[in-house]
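Here's a solo chain for you in structure tokens, the form predicted alone.
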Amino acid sequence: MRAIRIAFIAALLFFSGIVESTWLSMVALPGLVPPLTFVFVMSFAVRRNPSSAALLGFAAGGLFDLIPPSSTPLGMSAFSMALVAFSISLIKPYLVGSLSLPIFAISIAAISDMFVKIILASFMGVTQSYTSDFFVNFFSLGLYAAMLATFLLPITIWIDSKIVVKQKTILFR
């Protein structure tokens, strides 16, 4: 059952990465592509423990680094997505029971991912400018993530409830 769960989530993330790099790249309004794969990863990270959320973020970020129109060095998206997924899963107890706090947390996580990538790019000596139109990218990335999380968070919660193994409680032996 665990292998089926991992294969299903991997296929879902692969499909979202392909959709993001092909179809959603044509929708980029103020210069950014809507972060579909990132929102899926953070939606699953809200419901997972920190180690599995970091592993999921690393795998999705590595996939995102390998998809052809990638302009970042290999491993940069993997590291930043793993770090942000780990961080968002640490605040999971504060998000339980609210409708708007997970959406807000995913939006803040997208902005934090952008900051982590800017810091990593400056340490790696990447000549590509991540700070061009910084405030436009800042607001549009947060807005895109919040809009996508509004629709994708309930879907991922439903998917996660269907594929997670339910443990049976035994009252008497």
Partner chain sequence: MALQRKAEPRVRPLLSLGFLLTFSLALIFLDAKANFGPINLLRRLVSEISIPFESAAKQIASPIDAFINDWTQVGSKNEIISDLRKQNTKLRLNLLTLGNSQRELTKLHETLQLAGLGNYRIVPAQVMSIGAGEGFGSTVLLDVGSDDGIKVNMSIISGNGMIGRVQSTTAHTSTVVLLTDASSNIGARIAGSGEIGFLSGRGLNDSMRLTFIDPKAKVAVGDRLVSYGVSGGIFSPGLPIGVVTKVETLVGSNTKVAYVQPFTDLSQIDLVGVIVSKSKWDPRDSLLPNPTPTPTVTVTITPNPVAPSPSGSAS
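Residue numbers count along the first chain shown, from 1. Just so we're clear, the structure is a prediction, and the values are computed from it rather than from any experiment.
Missing here is the form predicted together with its partner chain; even so, the following discussion is about that form.
- Shown here without its partner, the chain carries A11, S98 and I155, none of which come within 4.5 Å of its partner chain in the predicted complex through any heavy atom.
- Contact check for F15: a heavy atom falls within 4.5 Å of its partner chain in the predicted complex.
- The closest heavy atom approach of S122 to its partner chain in the predicted complex falls outside 4.5 Å.
- Proximity of I88 to its partner chain in the predicted complex: non-hydrogen atoms within 4.5 Å are absent; the residue sits far from the partner.
- Using a 4.5 Å cutoff between non-hydrogen atoms, F151 does not count as a contact of its partner chain in the predicted complex.
- Here the chain stands by itself, but in the predicted complex one stretch of 138 to 146, 33 to 41, 54 to 62, 104 to 112, 54 to 62, has heavy atoms within 4.5 Å of its partner chain.
- In the predicted complex, G75, M76, A78, F79, A82, L83, F86 are the residues of 75 to 104 with at least one heavy atom within 4.5 Å of its partner chain, listed from first to last.
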